[in-house]
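Heads up, the chain below is alone and in the form predicted alone; it's given as structure tokens.
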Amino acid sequence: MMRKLIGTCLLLMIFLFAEAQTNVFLIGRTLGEKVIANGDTLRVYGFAPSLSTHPPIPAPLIEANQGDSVHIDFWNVSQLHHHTIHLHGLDVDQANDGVPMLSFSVDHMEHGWYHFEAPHAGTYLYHCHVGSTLHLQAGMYGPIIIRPSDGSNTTWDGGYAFDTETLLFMSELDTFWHTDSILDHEHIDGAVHDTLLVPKYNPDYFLINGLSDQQLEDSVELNSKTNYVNYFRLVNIGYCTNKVIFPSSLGARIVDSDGRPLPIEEFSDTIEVYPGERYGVLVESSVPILDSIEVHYFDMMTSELKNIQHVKVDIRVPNQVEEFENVIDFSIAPNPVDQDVRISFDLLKETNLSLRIVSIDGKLMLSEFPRVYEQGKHTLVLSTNEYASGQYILSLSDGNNVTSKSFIKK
């Protein structure tokens, strides 16, 4: 009898240790701050990892391996609002799905616990589902990544292997919705939805990973090497339709949608991502590239193009022995520039160089494929007649390193 008991205990211990556990702690707050591209500070809601930090936009990444046991401890310190964590797209039971009328909501200073076994590997998201139109816009959203059961750099168990991974988490901000008069509205206990009159939604900032315009430069980018496979996770949690356009030289392949592999991969440089949708895209290049991915934001009702954001693509040759001192001392003149701008540099040996110019808000103005320059002094003359007045960033790359300087167009 004792041997059977010991054997049963050992089997139970093996089972418990075989199943990994992921513990997540999040704090719901309605007194957060976010700095937007023009330098202003907006009030936001959000999920914070601690009381000493403002809730980031988007919220902290939740990640686990397929099959892991995930436990989320959600503590709501918001004084005026109840909240939930809705696990958007995950196959979890109704009690843990975060839709308040079907599971539960968490009131001020209360804890709510969500438990689930991580389902299919893929890209998902979470957000508050109380007064979700406003609470989501206020900032209560974040990404979820479920990885293969072995945690490897593959899209799913038995899927495509990749070398780098980039998340493009797209959303918008309507600054008129981020005022105390709107964000401090009272809610009715027990009501399915809050009732509040708000201005017509008209976003004026368009975000990727919580950033926009010049904030994106060198913060959200594909920084990779030739012949590497790069995996993009595209997520739209805003209210616009997003059209993501990859440079054709990357040979974009759509391989999964909403956490499920596609039966057949689709080759397309352009992917439309509607609110709540997620896509997985593989790209690679055999040659150096200095370019941009464009993200177009369209009004869902009118199809009007509202904005375009740019994500830098910088693919270089791996293990290149050329020293970047060849081009680090390039100069720009005149600065400020009226019509033509001159770029001068002195090369110690023959070098492949590519050139790129973006506006301060991230718009790609010029992208030249690599050209061979002989040893010695060089001066390039570029016309800026079609450039609007403002600040621009010019970058030179030797395929392995990049240096950048700014200039002003009068």
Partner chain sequence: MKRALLTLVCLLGFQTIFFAGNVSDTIYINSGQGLFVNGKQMPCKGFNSTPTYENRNAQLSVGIMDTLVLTIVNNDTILHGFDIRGISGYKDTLQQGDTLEVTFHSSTPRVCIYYDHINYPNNAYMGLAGILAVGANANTYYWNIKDHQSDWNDSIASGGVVDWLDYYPDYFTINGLSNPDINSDTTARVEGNIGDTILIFMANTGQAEHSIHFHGYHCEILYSTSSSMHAGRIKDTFPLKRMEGYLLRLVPHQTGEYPVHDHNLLSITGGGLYPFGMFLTILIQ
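If you're wondering where the values come from, they're calculated on a predicted model, not measured in any experiment. Residue numbers count along the first chain shown, from 1.
Not on display, but discussed next: the form predicted in complex with its partner chain.
- Only one segment in the set 269 to 277, 162 to 170, 308 to 316, 109 to 117 has residues whose heavy atoms sit within 4.5 Å of its partner chain in the model of the complex; it is 269 to 277.
- Checked against its partner chain in the model of the complex, the candidates 88, 296, 185, 253 yield a single residue with a heavy atom inside 4.5 Å, and that residue is 88.
- Shown without its partner, this chain lists 265, 217, 157, 284 as candidates; in the model of the complex, only 265 has a non-hydrogen atom within 4.5 angstroms of its partner chain.
- In the model of the complex, residue 82 stays away from its partner chain, with no heavy atom inside 4.5 Å.
- When contacts are judged by a 4.5 Å heavy atom cut-off, residue 226 does not count as touching its partner chain in the model of the complex.
- Interface residue remark: residue 73 is not counted as part of the site for its partner chain in the model of the complex, having no heavy atom within 4.5 Å.
- At the 4.5 Å threshold, heavy atoms of residue 199 reach its partner chain in the model of the complex.
- The three marked residues, 35, 291 and 363, fail to reach its partner chain in the model of the complex, with no heavy atom of any inside 4.5 Å.
- Residues 127, 129, 131, 132, 133 of 120 to 134 are found to place at least one heavy atom within 4.5 Å of its partner chain in the model of the complex.
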